[in-house]
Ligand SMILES: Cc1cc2nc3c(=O)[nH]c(=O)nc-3n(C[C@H](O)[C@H](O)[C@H](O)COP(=O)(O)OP(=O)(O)OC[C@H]3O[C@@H](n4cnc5c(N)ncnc54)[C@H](O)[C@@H]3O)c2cc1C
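One chain follows as structure tokens, the form predicted alone.
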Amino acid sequence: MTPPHGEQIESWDLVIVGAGPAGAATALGALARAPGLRVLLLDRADFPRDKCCGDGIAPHVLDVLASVGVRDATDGWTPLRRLELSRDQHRVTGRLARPVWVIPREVFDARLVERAVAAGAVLRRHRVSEVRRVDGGIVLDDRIGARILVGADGAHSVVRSSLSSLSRGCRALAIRGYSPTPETRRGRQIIRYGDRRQPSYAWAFDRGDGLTNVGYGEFVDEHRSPDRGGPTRAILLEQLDRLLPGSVADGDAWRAHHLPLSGWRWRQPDGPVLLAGDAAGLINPMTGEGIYYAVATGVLAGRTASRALDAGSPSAAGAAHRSAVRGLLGRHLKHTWVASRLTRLPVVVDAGIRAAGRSQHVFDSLVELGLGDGRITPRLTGGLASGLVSGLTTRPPLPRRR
């Protein structure tokens, strides 16, 4: 592979930009299938490194990691089995069908990177600034050549930007910190919905080590700047403190982050450049959860890349990856898109909380829809309808006209 200027570059079978969960999972997926692949994993930061996130690890993440030989990602951390949902006076606390974990990203991500390197990936610190297609593959910064390239470089992905056919969808903005865990929040995940533009909610996720991951996020209108009512850091912290009093005063390590929310239909161009995780615009638009999507689409990208390389057809990787991701998440993404539109209406959020309080099936279905790969089932629809009717019939009567 020779770039236009004629200088020699180093060549790799697979180059992955971004070594977070999506990137590390890509390396693991590729190397589990084809241990002899030459895989380069690039990241602009050294590990361990922090990242704004709710730190929640759903059981679906562990299922995917186990399929590529990683079974110790949560070792030493305490599982949580209870979830509380509330908005105003409406509240439900339920037992999760399967436990979740809350693990700081500087711990969890570093573990996945270590497993990827142990499997044979080469990790290098490098900030990619240019991506070019050349005969025989892709060149990064006139230095690094790849037969297949995977963009796993987050919300502001350089790789995604190089694919001019892809536009950016809706976004949310969130801020996160850590505060001491009060006794009333121990052993649970708490989500309290706000009253600004939905989805908007504050969260408190107990890590099990004396600290709680606390934060607040809301939908961002791309056409509204902060001085025209868009969220600022001050507004985000103000809303967090209003919904979870005391969290801001006792908290530290505040970090904010944009979240590219999933849309009705996921797009992946043809060719040898694949996208995974946040770089692919895969964030649950109802909850902001993204680690499951990142790990799942990363493993799929790695497997797809290794198959295309085996077949000597890197240019076929894009179509194959698109098919694999849509096969796994296509219907789910449509259902979360519909759910996110419905939950922009506070009356629907209230109905969901009421229904979840009456039915374990509804509670489990909402959790699956928000944290895993669930769908809007007929029973869930019926439960929401019942919750809506209940809300209408229990409202205080309007004053009579005189």
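In this text, residue numbers run from 1 along the sequence as written. Please read these numbers as outputs of a predicted model, since none were measured by experiment.
From this point on, the text means the form predicted together with the named molecule, which you will not see here.
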Proximity to the named molecule in the model of the complex (heavy atom, within 4.5 Å), stretch among 281 to 289, 266 to 274, 78 to 86, 92 to 100: 281 to 289
Contact label in the model of the complex: W203 to the named molecule, heavy atom within 4.5 Å: yes
4.5 Å heavy atom contact, G154 and the named molecule in the model of the complex: yes
Contact of W337 with the named molecule in the model of the complex (heavy atom, 4.5 Å): no
is_contact(V248, the named molecule) in the model of the complex, heavy atom dist at most 4.5 Å: no
Position in contact with the named molecule when the complex is considered in the model of the complex, options V128, L244, V325, L261, heavy atoms within 4.5 Å: V128
Heavy atom within 4.5 Å of the named molecule in the model of the complex - residue from I190, L300, A174, L123: A174
Heavy atom within 4.5 Å of the named molecule in the model of the complex - qualifying residues of 35 to 55: L42, D43, R44, A45, F47, R49, K51, C52, C53, G54, D55
